[in-house]
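You are given structure tokens for the same protein chain in two forms, set apart as structure 1 and structure 2.
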Structure 1
Amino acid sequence: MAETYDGAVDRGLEGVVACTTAISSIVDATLTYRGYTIEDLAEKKSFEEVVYLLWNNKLPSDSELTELKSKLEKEAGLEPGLIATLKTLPTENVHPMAWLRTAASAMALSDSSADDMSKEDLWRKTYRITSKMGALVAAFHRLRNGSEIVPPKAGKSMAWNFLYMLNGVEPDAETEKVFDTCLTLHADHELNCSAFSARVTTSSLSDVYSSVVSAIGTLKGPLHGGANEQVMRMLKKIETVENAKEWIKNALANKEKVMGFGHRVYKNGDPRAKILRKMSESMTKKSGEPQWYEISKVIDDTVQSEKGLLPNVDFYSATVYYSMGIPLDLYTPIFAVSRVSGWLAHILEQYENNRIYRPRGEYTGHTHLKI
């Protein structure tokens, strides 16, 4: 007789508590990293300070921050052997996240200590993976355009260096600050889909690279990453502020999904969206294309009034990235550049108190069959 389970869950594990974590928390419309609100961190702390916080459960002192930056800087560039491997990977008609997934695996192959599970080497790999993720995304963009890979510059922030490695142009202070804030906003988000997949892989005591590759593969899925890319594509279809209200009303009447609204956990609004809305307004003006923010505002107001849905992190991040000249198909890889810090926090936490994930499934198939 088939075994049955009371209260079996069959819809995305919604509401199921799968583990305990001290990394980040969502309560109503409040997101915290290690007890600090996202608003406070976004306003007052750099991405590097947030990375330290996620990994160490406290904000760094000046000396600790200097040490962190030094270790990240040491690992930031791509070694010649890794670059040679990356140049063999196809880029034409390739999904950027598929390329990044393969590049992250290649990064493991260029690490002779990839399977060293000692605490010391785990930390080395944590710095290595985090610092190189931005370089990998930038390398993909450079290689597909037939350009040489741009190495990072010493003494610059991770946000500054990513924008520099991507375009070969030094970003101004305002753009650097906005992008740094974007990295902070995307760094972690409790037990999201990709963090969960990273923890599941880690629970088998696989190596850290495998866990990160699992997370990248999960983020590649359009139900987790990629919504901000689709938001920008929608805005470009609408084209003008005058078209916005009628276009969005028609979309809602036809029951079309409007990307960038609603959230599984946030029912009273995503706190990150409020921060990004302000940055969208300023950055679209700075780029000379304020219509993208104005169209977004009309859509936001209309969807709220018609459906009662609030924007999530993806909605306004689309116009922020677009205003920086970042190609649309790199929006999800940029998500990984930030979120890798959170994935690694979850991986470290899982290693510290591990038990392999092995849920059960309620069997609903045939029974008592005979041949």
Structure 2
Amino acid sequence: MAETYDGAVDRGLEGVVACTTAISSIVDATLTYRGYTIEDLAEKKSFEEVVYLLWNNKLPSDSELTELKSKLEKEAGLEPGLIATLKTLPTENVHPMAWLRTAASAMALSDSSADDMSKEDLWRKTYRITSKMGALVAAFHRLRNGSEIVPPKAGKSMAWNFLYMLNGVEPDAETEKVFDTCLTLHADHELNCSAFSARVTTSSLSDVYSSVVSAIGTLKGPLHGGANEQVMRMLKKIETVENAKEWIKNALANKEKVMGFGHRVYKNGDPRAKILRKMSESMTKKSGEPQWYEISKVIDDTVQSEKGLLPNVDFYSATVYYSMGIPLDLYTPIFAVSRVSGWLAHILEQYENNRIYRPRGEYTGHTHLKI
């Protein structure tokens, strides 16, 4: 006999509050990390300060920031054993998020204390995983191009080092600042799909690497982190400002989803998109290709007037990354380079107050069959 339930099944868990969390909050169009608005943090704080805030529930003093940086720096490079494993992974016709998912798992295999659940070792792994995520993404890009892996430089920010490890060229101060802000904007977002999957894995008291691997797999999907890459592919197809309005109207008429628009929680606009729009305007000008911002603006206006939908974090981040010369398929891995800090904040919070996630499913299959 199938069990039936009172009330509607909550597909997508839209109306479900699945845990308490003190990490980040969304109220209307206001996003805060640990009580500070995203606008304030993006303007006044570095990504490292934001990481400290997410993990420690307070902004760091100067000495606390120095300590955090030195712990991250200690873990920033890839050990020879890990590099040897990474070199065995295929890169041709492989999406970087698929590679990153495997590489993050390989990180666990080169950590003899991967399953140590002591508080002290959880913190060590938190630094290790966060610090190495950028090095892994950069290594993928270098390996697929047949170039040498570039080790990070001491005394530089995570934003600086990521761009340096990726390109082998030192970024200028403006590019470093814009990229640093992008990392801050993507760091956490309440109970988003990938943070939730990290928490679900954590709730079985699995190890922290497994939780991060689950989250990477979830972020990969086009309805979550994969949208930013699809935005730039769409802009490339549209090609000119003149084509933009008609192209989008046709897409909407064909019931296609326009990537980078809409949000499960924000119905009055995503505050991160507003910050990114300004950066998209200035960075596309700087790169000598302002048309990418101009096409984006026409799309933005058209989707708003035709469908009443506003851009989300993925829409303008695409043109910001494009202006920096970052390959399209690395946009979602870059999301992971930042969001790993939020995942780890969620993983630590889940361990502190754990109950295994185990919802029910309403059975709709056959009943009373006999062999």
Ligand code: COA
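The term rigid core refers to the most C-alpha atoms you can superpose between the two forms while keeping them within 1.5 Å. Just so you know, these numbers come straight off a predicted model, no measurement behind them. Numbers given to residues start at 1 and step along the sequence of structure 1.
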Mark the structure, either 1 or 2, that is the form predicted together with coenzyme A. 2
With both forms put on the same core, how far apart in Å are the CA positions of H366 between structure 1 and structure 2? 3.0
